[in-house]
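Consider the single chain below, provided in structure tokens and representing the form predicted on its own.
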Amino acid sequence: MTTPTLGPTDQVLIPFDEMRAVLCQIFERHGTSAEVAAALADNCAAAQRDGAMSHGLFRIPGYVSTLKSGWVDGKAVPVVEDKAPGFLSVDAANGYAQPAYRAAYEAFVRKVRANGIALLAIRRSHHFAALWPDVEPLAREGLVALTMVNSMACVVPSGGNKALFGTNPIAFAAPRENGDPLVFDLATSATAHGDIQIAARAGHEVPIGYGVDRHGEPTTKPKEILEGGALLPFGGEHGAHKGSALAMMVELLAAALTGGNFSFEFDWSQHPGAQSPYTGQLIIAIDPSLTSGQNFAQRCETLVQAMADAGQQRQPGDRRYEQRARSMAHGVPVDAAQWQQLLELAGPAHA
């Protein structure tokens, strides 16, 4: 593809399949296997398609830098271990969590169907992408799903004075009878780390309460948060203990329970350029068809209607679905200069 010459603020509209193919080429060219490339490309392309810019194409240079540093094994082959009737464990072998999840997905769903509930514990894994793509497919199969992953220490616990927790996101998905699944994906920090990075690159300030500088003082300058400072838990001045408690829960479930590292336990200092946390992920899925006999998707629809009647105009996931439809109909919006950079990363065939 030849990208037209455009100004620095212009956007181009890229067909989804073309974008995904370019991302696959980038990953393979910079050290992953074809299987790993496909899993990572699916995640990043889906995030960009759905408007989650901080986890879309923005992440590609970080993946490339991390692969180049030797911090992650882009050709790792995950090992799936059947631990119990409702328990699968995956050793990601210092690879990415997405291909580890993909390797276990079909067996995981079978366990959920057979037992009504199952959990999938991924360890020795790297994940710094969006989480909702991990649970939405389960909801489309009629299952209720919950996942969480810890990251690198960049969040101060409530009442603390140094970074200890990761942003530690939690994603949830539930099937609806008459619509796309209800899906949310949120950080337990005041905002996502990627959003702070985007604000820093754009030269924008962030709201007070998002983070502190290296001296522990509140700041609106994203660079001060990133350079020696830290993020704060969500909840604000009087509710940060709630975000902090959830971040603690994620550390225990995504790291301690799976066998992964806590957010503060790994050392990447010998790998300049490394950006992906080396931690763990937990996925829990439930088959609601085995409950008291009520149609869960129908009950979900009743709740959605009640929320709408109460004045909630947007339901979890609506914004993503609306942007997804636009992207699939017209092309995925991408900053032109960013797209040109990605074509160069993909190699001569795409430049």
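Keep in mind that what you see is a predicted model, and the values were worked out from it rather than measured. One rule holds for the numbers: they count along the sequence shown, beginning at 1.
Beyond what is shown, the protein has a form predicted together with a further copy of the same chain; the following relates to that form.
Checklist entry - D134: heavy atom within 4.5 Å of a further copy of the same chain in the model of the complex? => result Although a further copy of the same chain is absent here, D134 would stay clear of it in the model of the complex, with no heavy atoms inside 4.5 Å.
Next on the checklist: Residue-level contact is defined here as any heavy atom of the residue lying within 4.5 Å of a further copy of the same chain in the model of the complex; does S276 satisfy this criterion?
Outcome noted: Contact with a further copy of the same chain, no.
Item to check | Heavy atom of L182 within 4.5 Å of a further copy of the same chain in the model of the complex | outcome: Contact check for L182: yes, within 4.5 Å of a further copy of the same chain in the model of the complex.
Item to check | Residue contact check: Q312 to a further copy of the same chain in the model of the complex, 4.5 Å heavy atom | outcome: Output for Q312 is yes: heavy atoms within 4.5 Å of a further copy of the same chain.
Next on the checklist: If the criterion is a non-hydrogen atom within 4.5 angstroms, does every one of A52, G70 and V109 touch a further copy of the same chain in the model of the complex?
Outcome noted: Heavy-atom distance to a further copy of the same chain in the model of the complex: none of the three under 4.5 Å.
Checklist entry - Given that a further copy of the same chain is left out here, which of A230, A129, A104, A118 has a heavy atom within 4.5 Å of it in the model of the complex? => result Spelling it out, the residue with a heavy atom inside the cut-off is A118.
Checklist entry - Heavy atoms within 4.5 Å of a further copy of the same chain in the model of the complex: which stretch among 183 to 191, 92 to 100, 197 to 205, 219 to 227? => result In short, 183 to 191.
Checklist entry - So which residues in 58 to 86, when you check a further copy of the same chain in the model of the complex, have a heavy atom no farther than 4.5 Å from it? => result Contacting residues: E81, K83, A84, P85, G86.
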